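Two forms, one protein chain; structure tokens for each follow separately as structure 1 and structure 2.
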Structure 1
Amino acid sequence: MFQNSSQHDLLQIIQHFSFQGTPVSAKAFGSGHINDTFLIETREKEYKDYLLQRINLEVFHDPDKLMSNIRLVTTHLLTKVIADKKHPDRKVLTLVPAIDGTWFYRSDSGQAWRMYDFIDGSKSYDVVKTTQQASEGGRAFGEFQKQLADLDAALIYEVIPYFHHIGHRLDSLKKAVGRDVFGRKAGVEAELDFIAKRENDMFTILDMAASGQLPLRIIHNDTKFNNVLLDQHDRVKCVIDLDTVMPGYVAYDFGDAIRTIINRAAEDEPNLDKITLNMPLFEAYTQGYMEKAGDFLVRAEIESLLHGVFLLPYMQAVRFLTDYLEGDIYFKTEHGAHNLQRTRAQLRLLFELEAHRSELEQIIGQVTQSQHF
């Protein structure tokens, strides 16, 4: 059985869920930074292993609404996967109910826990290395959006209000600048000037939505590549981490995926000269995405994709800089200037994207034309 008190505590949590088999081990799992995840292994081969997660209530204040979203989305996705006979190996995250019939367990200490079936025979990557992987990522998130296109966005709670609302993010930055609690404003004037010069352009998606050009969709909102599970042949198996699934615009998902795929350097690369664009990965992701999503998108949504490519690194830089000015209270940091380093890396990425705007636009146009959208 479990070898130490922490595993014993996890065993006690597990007993509040309707699982099968005999749990024999519990170990930390994955590279997520928000929730705590543990792989629960069972003794019997005929039973599944499970993932047990402690929900971060500092980020997700209302677990009832969070789990309502996930239950609604996974149920809807399952109907689509069952109906798709072409891809019998595709999976959907499957919640394990609590013994009281709800979808999470609230411990006596106030912690919130949930359990999923573990998807065996899958793997994920933190960094995209091949065009096949990039293409599969595009297919995964394009199909995810398509499968949810007929689910009413009004049924989904906004569990993190204004998550990708650039106006809200800029307001938070301006308030942090005004307070300047830690006296850091003087060292970031160049970054603030860079951000200010692009502010008006970054409202394009919201302006298109306000004019009725963009439909409100249910989107993933966190399309980094390790939120796609692949099989042993690097083919898409499942989209995971559904906590941020909320109403939004498709360009947000597209832009965030490109932000994490196209950069040849790390998100916090201190040597800005290393930040260059991997165009083959951009083209591969775009092809995969349009293959799955192209036939349900309206023309304005396709036109908005490039705006998302610029917006998401800009928005991430704004978030990093806000946190830096506020004393590094949100993002985990390794040193005192880590958030500033991240800010500069994201702004340099945006600079490179702007320098290659025509090439990026041409690729999207060629992919769209070749797939007859």
Structure 2
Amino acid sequence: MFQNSSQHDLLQIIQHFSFQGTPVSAKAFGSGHINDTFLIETREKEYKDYLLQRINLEVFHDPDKLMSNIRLVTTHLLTKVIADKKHPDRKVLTLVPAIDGTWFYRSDSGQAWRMYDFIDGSKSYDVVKTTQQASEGGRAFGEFQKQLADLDAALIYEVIPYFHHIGHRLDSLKKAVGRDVFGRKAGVEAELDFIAKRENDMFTILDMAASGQLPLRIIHNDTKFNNVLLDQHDRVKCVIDLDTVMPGYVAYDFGDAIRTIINRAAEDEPNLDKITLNMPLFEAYTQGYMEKAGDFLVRAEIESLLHGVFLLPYMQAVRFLTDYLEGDIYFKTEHGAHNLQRTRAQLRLLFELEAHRSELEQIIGQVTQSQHF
């Protein structure tokens, strides 16, 4: 297992990449749920540090296609960032080539590794605290969608099919319930009931899309707030974690960002009473997002944003619960009931969002009106 990999093993792995400097340490880094991430520090001041990642092959079955997407997207983003003279400090995730000229390294045991430049002087937040952070996040993801608007979607592989398709996610949950391999179903009847009661309401975005109202765009698909790096002054530095950049509907990105911004507590908060809504952060993100995206969104997309706010915590709960029932094979977990705890926290968040629906709707309305869309 990777967690047991020694510094020595990691330093061996990076020898397969064309980097500069003398690596002196490899430390586990970040709090992502999917890949194994390490900061590689180099001795010399003049050389960068690096970020080494073991790609999770249980999640990404075809690393060639995954890395082809990442190359395509980062190359495209770079042309946009270079052209943007107003923001010279902005960065694009930059891959370090492997010594064989490809973009990742396959070890003899079949593991897939990649390396990025480490983006210095940046921070990511699991819980958002200030309206400055939230509005910058909104600008970051709004701009990201805009920058990808002219990338040919046909060139992007669908590396995880039906990633945000709620019908598909509910089918997976039902199959997991049917199999109940770990005998955990009996302990989650209340959660299953809560999910079942809302099932029909959660198809609105797919219905709007099916009736031709929503354009399919290239979106980020994992806009959890810790997937944007901010600088010391909490200004956007870089959008990261590009593994899931694929076609989708903008409301998915909006809803997933709000899921992690509006919640005063952590995604896996065990004390459900701590899960309350921070409305000023919701307003700030919406403002920042609309500032960048307002000029390309069609009216139906603006209408769909609120549906995304309910759908994404719901879908996330469905995914966590499915993984709990299947024995925790997808998301990294820290203890046996972690996916259940995450499920409960996301369902409580959804409950809170439902209780404040009209306020949320009003805020979106006010922001969009004030920006004349």
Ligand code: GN1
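Between two forms, the rigid core is defined as the largest C-alpha subset superposing within 1.5 Å. Residue indices: 1-based, along structure 1. Keep in mind it's a predicted model, so treat the numbers as computed, not measured.
### Message
Pick the form predicted together with the ligand out of these two and give me its number.
### Response
The chain shown as structure 2 is the form predicted together with the ligand.
#### Entry: Exceeds or equals 2 Å, Cα of D268 between the two structures, core fit
Yes, the C-alpha position differs by at least 2 Å between the two structures.
### Message
For I195, does the CA position differ by 2 Å or more between the two structures when the superposition is done on the rigid core?
### Response
Where the cores coincide, I195 still shows a C-alpha shift between the two structures that is 2 Å or more.
### Message
If I superpose the two forms on their rigid core, does the C-alpha of R71 end up displaced by 2 Å or more between the two structures?
### Response
Comparing the forms between the two structures, which are aligned on their rigid core, R71 does not shift its C-alpha by 2 Å or more.
### Query
For A345, what C-alpha shift in Å results between the two structures following superposition on the rigid core?
Residue shift at the C-alpha: 3.0 Å.
#### Entry: Shift in Å of the E334 Cα between the two structures [rigid core superposition]
Reported C-alpha shift between the two structures: 5.3 Å at E334.
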